[in-house]
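This document starts with two versions of one protein chain, written out as structure tokens and named structure 1 and structure 2.
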Structure 1
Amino acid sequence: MPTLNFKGKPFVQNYHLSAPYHELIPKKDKGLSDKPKLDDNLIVHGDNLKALKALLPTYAGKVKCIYIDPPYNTGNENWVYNDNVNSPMIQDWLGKVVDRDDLTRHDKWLCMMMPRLKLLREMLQDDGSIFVSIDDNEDHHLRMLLDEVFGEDNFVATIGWQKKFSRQSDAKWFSDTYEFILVYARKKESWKLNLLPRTETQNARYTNKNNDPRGPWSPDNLVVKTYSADYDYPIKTPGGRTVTPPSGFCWRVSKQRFEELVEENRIWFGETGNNVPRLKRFLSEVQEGLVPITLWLRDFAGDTQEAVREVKNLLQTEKFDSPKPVKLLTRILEVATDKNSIILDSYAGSGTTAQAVLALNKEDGGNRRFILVECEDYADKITAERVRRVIRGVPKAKDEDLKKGLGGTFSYFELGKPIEASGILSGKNLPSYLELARYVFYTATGQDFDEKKLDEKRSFIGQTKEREVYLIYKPDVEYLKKTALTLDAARSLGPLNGKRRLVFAPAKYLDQDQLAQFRIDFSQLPFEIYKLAG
């Protein structure tokens, strides 16, 4: 497979593995939940590389649908957010990771995207998918990068979205009216697209001109182009006219099948009984829904103007220049999620994805959940504020549901310190028990950490099919200096239940026989955290 090369690639292609894990700090006053928790709807304020890494222990393999709308790299720096890779945050990150100064704008953008896409892929369920908005600036690079990260066989489609209706008369060349949404499945063979609900307009095409007891129907063409002499025969209409297919065409069915269809009253010869015959397609027999097409016009999926209006109506004073319309996100959710899906948007902006999730849940009684990540300071004032308002209700909204409030909760988190083995060793920036437990459990077992199973008193942090995992730790240097896995501590792990026990502690005072007696595999903090990983 041809692959894309860009400067900096060797430095970033495995960066997602070595990027440090950061603590997630709950901010109760910014969320709308009694108790902030990770299995709630989430808004995380911070760089998405760090945020995704921090969410990985809880959400790896759990997300059904990812929508991202990353900076398009237009070079336009006058927006509320920097639409290019020269933002101080990305510059700083590139400096640390890539450390070379001959990168072009496109190299930088690709360096920024690659590790993030790799983390996003790890978040997806086997039957999950990712939808990525993009325009001409990076579309061609992105397609190749996605081929590399997700596998070219998992490419599903490029959707063309009509972002603008009116012509821009001052455009230098073409006035661009659409952009793209690239769709990839995690594993295409396990992925199924939902059919779209039929609309009233589509159903209105079905009428019942002859009061057929089978209900409304629509006349369909009986003539086809793929010629077969067997299907080319004269038909006598009830009014006495003889009709034949136009030259080079034939009927869709054989003579015998045609006669059966007439018997079944499935052929329509028009009001007079003298028209060219048509096939009656009954509404009750057409598919439950419609196969989505790849051209999404504004009637179907909204446009940019509509999106700007939506944000303005909701936030009044706050300005956000490049939102997507709720309708566009709703379409994506309709085709790519079910009622219990988790949806991730790691370039959240004004939080459109959250509103679409809450609105669709309200409409169809679903329990979808969203995870949003936004790095800019407006994560609270714009992203979370929009979500708070749509949950509580927007008095001036035209939409009745929105007026009353869509309901729901969300928890707001910020990124804390990185958890680094060297930090534990030096006693600086020690993570909390919960944070280290989440990190250790996931890194050592590769499985999801469940906070509810944690029992700090027993040092128990979770179990897999084969082993129980224990962590003897406190964020206190003095405690760590003098604490070890002792005989008493081994006894206090409780009765053996056939599983091996993986115990993390700063030291051990047990010999190999004693470890074997208690079926303990010992891992010394901090360096052996990785012992069983990968």
Structure 2
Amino acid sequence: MPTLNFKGKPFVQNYHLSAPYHELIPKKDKGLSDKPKLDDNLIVHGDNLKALKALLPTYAGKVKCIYIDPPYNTGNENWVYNDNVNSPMIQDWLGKVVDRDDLTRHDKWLCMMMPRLKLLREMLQDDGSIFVSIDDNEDHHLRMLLDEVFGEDNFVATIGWQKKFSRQSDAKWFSDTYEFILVYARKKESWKLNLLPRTETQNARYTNKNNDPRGPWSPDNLVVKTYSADYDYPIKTPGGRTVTPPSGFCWRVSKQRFEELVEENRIWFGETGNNVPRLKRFLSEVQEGLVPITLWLRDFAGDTQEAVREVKNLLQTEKFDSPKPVKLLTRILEVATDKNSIILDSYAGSGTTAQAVLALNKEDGGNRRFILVECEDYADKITAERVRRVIRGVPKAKDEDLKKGLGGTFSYFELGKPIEASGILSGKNLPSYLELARYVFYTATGQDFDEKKLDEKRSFIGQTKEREVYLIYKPDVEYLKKTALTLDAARSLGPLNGKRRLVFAPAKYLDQDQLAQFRIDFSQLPFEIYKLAG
């Protein structure tokens, strides 16, 4: 497979692995939940690479659909590269605005995208998919990068979205009317695209001109271009006329099958009986939905003007550049999610994705959940505020559901300190018990952490098919200095149930025979978190 090379690639292609985990700090006053929790709808404020890494222990392999709208790298966005990669060349990039005069802007953009896409891939279920909005500035680079990260065999489609309906007369060359949405599956063989609901207009095309007891039908062409001499034969109509396919064409069914269709009253010769025969397609026999096409017009998926109005109507005085319309996100959710899906947007912007999730849940009774990540300072005042308003209700909204409120909850988190072994060793920046438990469990087992199963009183933080996992820890230096896995502590773990026990503690006062007696594999904090992984 051809690969895309760019300046800085050797330093970033595995950066997602070395990036530290960070604490997630709940901010109850900014959310709409009685108690902030990670299995709620989420809005996370912070750098999206760090936030994705922090969410990985809880959501790895659980997300059904990802939508992202990253910077298009037009040269006018003034985005800044800030990934602290350990390379002198990349260190020189830090904190500098990426604009049109930057000759390395495409390299920087790819360096920014690569580790994030790799983490996003880890978040997806095997039957999950990712939709990425982009325009002409980077779509060619992005397609190759996605081929590399997700595998070119997992490419699904490029959707053309009509973002504008009016011509730009001052355009230098062409007036750009479309953007693109690149679609990739985590594992294409496991992914299934939902059909779109049929419309009344589409169903109205089916009528019943001859009162067929099987109900409404629509005439379908019997002629095809793929020529076969065996399928090129004359047909005599009930009115006495003999018809044949046009030159180079043939019928789509054999002569024998055609005669069977006539017997079954599935062929229509017109009201006079002399028309070229057509196949009767019954509405009762067509599939319930429609296969989506790759051209999404504004009537189907909204446009940028509609999106601007939505934000303005919801937030009144706040302005936001280049939002996406709710209708566009709704269409993505319709084709790529089910009623219990988790949807992730790590470039959350104005919060359109959250509104689309809540609105679709309101419409079909679903329990979809959203995870939004936004790094900018407006995460609370715009992103979260929009979600708060659509949940509670917008009195001046034209849509009745939006006026009454879409309902739901969400928890708001901010990124905290990094969780690093050096911090535990020095006693500085000690993580909370919950955050270290999340980090330790996922890192040691590779499985997602379930906060509901944690029992801090007996140091239990979860289990796999093979092991129970325990963490003896408090974010207190004096406690850590004097605490160890003792015989009494081993007995307090409870009765054996056939599984081995993986115990994390600052030290141990048990010999190997005693560890074997209690079926304990010991891992010393902070050095050996990775030792027993798998």
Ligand SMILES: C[S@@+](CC[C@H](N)C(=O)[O-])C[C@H]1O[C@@H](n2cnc3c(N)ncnc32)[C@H](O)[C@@H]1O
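Here, residue number means position along structure 1's sequence, counting from 1. Remember, predicted model here, so these are calculated numbers, not experimental data. Take the two forms, superpose them, and find the largest set of C-alpha atoms that agree within 1.5 Å; that set is the rigid core.
- Between the two isolated copies of the chain, the form predicted together with this ligand corresponds to structure 1.
- The two forms, fitted on the rigid core, differ between the two structures by 2 Å or more at the CA of residue 102.
- Relative to the superposed rigid core, the position of the CA of residue 298 differs between the two structures by less than 2 Å.
- Relative to the superposed rigid core, residue 155 undergoes a CA displacement smaller than 2 Å between the two structures.
- We note a C-alpha movement of 3.7 Å at residue 280 between the two structures, with the rigid core held in register.
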